[in-house]
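For this one, two forms of the same chain are given in structure tokens, first as structure 1 and then as structure 2.
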Structure 1
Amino acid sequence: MKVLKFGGTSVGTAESLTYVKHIVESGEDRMVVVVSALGGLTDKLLATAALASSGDQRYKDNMLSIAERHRGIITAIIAPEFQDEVSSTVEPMLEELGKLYDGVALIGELPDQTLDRIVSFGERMSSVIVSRMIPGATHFNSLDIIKTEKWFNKNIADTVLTDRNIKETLSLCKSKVAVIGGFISTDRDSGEITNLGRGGSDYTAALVAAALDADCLEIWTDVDGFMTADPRIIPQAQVIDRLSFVESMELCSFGAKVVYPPTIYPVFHKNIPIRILNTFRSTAPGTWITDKAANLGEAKGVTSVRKISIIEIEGKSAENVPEINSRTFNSLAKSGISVKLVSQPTADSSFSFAVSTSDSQRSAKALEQEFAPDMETGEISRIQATDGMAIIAIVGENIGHESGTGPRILNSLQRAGISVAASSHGASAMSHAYVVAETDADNALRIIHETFFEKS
């Protein structure tokens, strides 16, 4: 059996849904179809919530257009004899959503739990619609199956419970096609509606594929495959035929938006291949992600992560650096902050690391607390956070061992007048990563892409 995930880009309009229907109906295997909300809907649900909470009455127009969009799609793609049945499920959801917005507008407050409840309607409605579009398909409710637990201020998947739930429900499905909404979940303790984070439908699909030992996880989107760079920034980007799990994991965690980063691990663990395919050009070969790396030492892609802050810690002498390192990472871990990159110039008394700007304040605070005594004695002279940065990473298995790659990149960036605030050269042998000003990020991507992927 296979798991097919269709993103918002694939389920955005009645026309794109006909492509989805064709792909599902022409498949021979049994399959689980995981769907996102209609394209752009999650953003709209969030924006409407913001309007309502600020008392801006335009939330009502937005709500109306959300309702009309779903009604239009039902009319266009559901067989006439099933339309009433679909409407009888979707209309109460629209009504509840409308009431939630009215409540938010009335109180003028938007607690996280209410927001999570609001965004859940995207996948709740799209999954019902898609399941009724495919004759004989069975709908499963992700809110009963996908479970999360609290981790600091985040909700993360409870993979053990979710795995058991998937096995106990979806594996018993008698129909050829099972349909489930991606992204949404419930808290294992409170039962509150939660989600797996923006872009999380990919992750739902991976959890399902892993639990059911699927033969393949197919991620259907709006590009021909995993590309050497984000095609919206680099129009010359080319499709990568093959990637290893670890390469794709590195590319995704360094910002390749085509797959949500946590997606790779569950299928990697079970050695289930992933294919990235284009809903609108289903004959294109796409990208295979498997356990085998092709062309070791060769760069596979270049990516960027924006909204990065760099935090620099300066000590009195290089001898203290190992101890400062371990205390730094311990105190960050205790606050649930993940570090994106560490830059450690040899024989230097300072070192720096990069975090998301949303974690920058908390990181600086945690370190100021940890090192308060050392700052008093002068052992640590400075802790400084700089916002407005980006990470540019070039990825490929074993490229860290290619000694020429780092200097080649630094030279090209230098020639373009781009200064590198910090860098990390393939501690994992998997990537070279550079921190540059966010305003230089596009240019740096272009230069690196040209140097490595646009051989004339």
Structure 2
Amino acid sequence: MKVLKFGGTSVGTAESLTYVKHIVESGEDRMVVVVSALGGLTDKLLATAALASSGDQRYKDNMLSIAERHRGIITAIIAPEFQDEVSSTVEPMLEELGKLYDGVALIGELPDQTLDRIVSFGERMSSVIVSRMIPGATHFNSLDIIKTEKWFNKNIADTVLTDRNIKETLSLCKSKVAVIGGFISTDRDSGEITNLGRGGSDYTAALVAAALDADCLEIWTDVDGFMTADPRIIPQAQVIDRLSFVESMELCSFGAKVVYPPTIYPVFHKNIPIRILNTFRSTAPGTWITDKAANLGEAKGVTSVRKISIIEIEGKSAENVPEINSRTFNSLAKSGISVKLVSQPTADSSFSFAVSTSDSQRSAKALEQEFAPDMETGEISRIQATDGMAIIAIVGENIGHESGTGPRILNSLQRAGISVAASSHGASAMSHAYVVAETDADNALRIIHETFFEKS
């Protein structure tokens, strides 16, 4: 049994849906198909909600285009004898969605619960359409299956209850194909509609695969698999045949957008392989992700994270590494700030780390409060944020233990006149990471890719 997840680009148009239909009908195994909303729809649902809440009457035009898009897809890809049946399910959803927008416009407010209801319609409608596009498929409502709980004002999956629901419903499906919407869920206590966050369709698919002990989780997208680099920047990038779970997670954490990172955890614990495949080139081999790394110590890919800021703390207190680490990370955690990279110190009295630029000022403020006594005594002389940076990371299991990798990269970058503001290597066996000016990021990627992946 397999779980197949199709993202928005795969279900975005009538033409792309014909590829999905062919892939599903060509499969021999029993399968659960998890689908996202039509490509770009979630963003449009959010934008329309914002227009309505501000009293901008253009929300009505957006609502009309949303309705016409779904009606057009139904006409184009659903067999004529089933079109009325599908429309009888989708049209009430469109009517409810329109009323929600009207209500938001009337009161001029957009509560979180209302917004969650609004964005749920994407997957609710797409899953109905896809289920009737595939002969003999059975549709299941994700809102009845995927449950969340409140955790520090966030909705997170109640994995125990969700696992039980999946087993009690999908495992008993007598059809070869079951179809559910990704991303959407309901609160286990209140029954309110919630969701698993952006990219949550991947996570839904992983939860289903883990609960059903699937043979494989296939994620169908618009690329051939994980690449050695972003092909939009480096046309010579190649598809990576195999990755370990931890390698794929490391690539995701440093900016690769092929898979939503939490996807990997449920299947990782069950040792269920993931396969990344291209909906539009279904014969391409894709990338296998398993528990075994191929060629330990070998670089698998180079990737980047943009809009990064470096926060530097200077002073005598920085020499006490355990204390500076503890105080820094505790104060940032209290502010909900995630650290992207901790730099290896270049001086005893300096400590630096990288955060998203959107968190730069909050980070500096939190640290100024934490270290106010030290700054008064002069033990901390400066806390400075530098924006406009990027992280470049080369990833491969055990690569952090390869002593020659770091110097090789630094020499290549320095010869090209690229200054490295901070680096992290050796502490993690999975990567070597470097902070450079964002204006140098593309060139740094090209240089590192040429050094490790392009044969002369």
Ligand code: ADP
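Quick note, the numbers are simply positions in structure 1, starting from 1. Under this definition, the rigid core comprises the largest set of C-alpha atoms superposing within 1.5 Å between the forms. This is a predicted model, so every value here is computed, not measured.
Visitor: Could you let me know which number goes with the form predicted on its own?
Guide: If we ask which form is the one predicted on its own, the answer is structure 2.
Visitor: Is the shift of Arg408 between the two structures large enough to count as movement, that is, does its C-alpha move by 2 Å or more after the core is superposed?
Guide: The answer is yes, as the C-alpha of Arg408 shifts between the two structures by 2 Å or more after core alignment.
Visitor: Aligned on the rigid core, do the two forms place the Cα of Pro80 2 Å or more apart, comparing between the two structures?
Guide: Where the cores coincide, Pro80 shows only a C-alpha shift between the two structures that is less than 2 Å.
Visitor: Please say whether, between the two structures, the C-alpha of Leu17 moves by 2 Å or more once the core is aligned.
Guide: No.
Visitor: Quick one: CA shift at Ala237 between the two structures, core fit, Å?
Guide: Shift of Ala237 at C-alpha, rigid core superposed: 2.8 Å.
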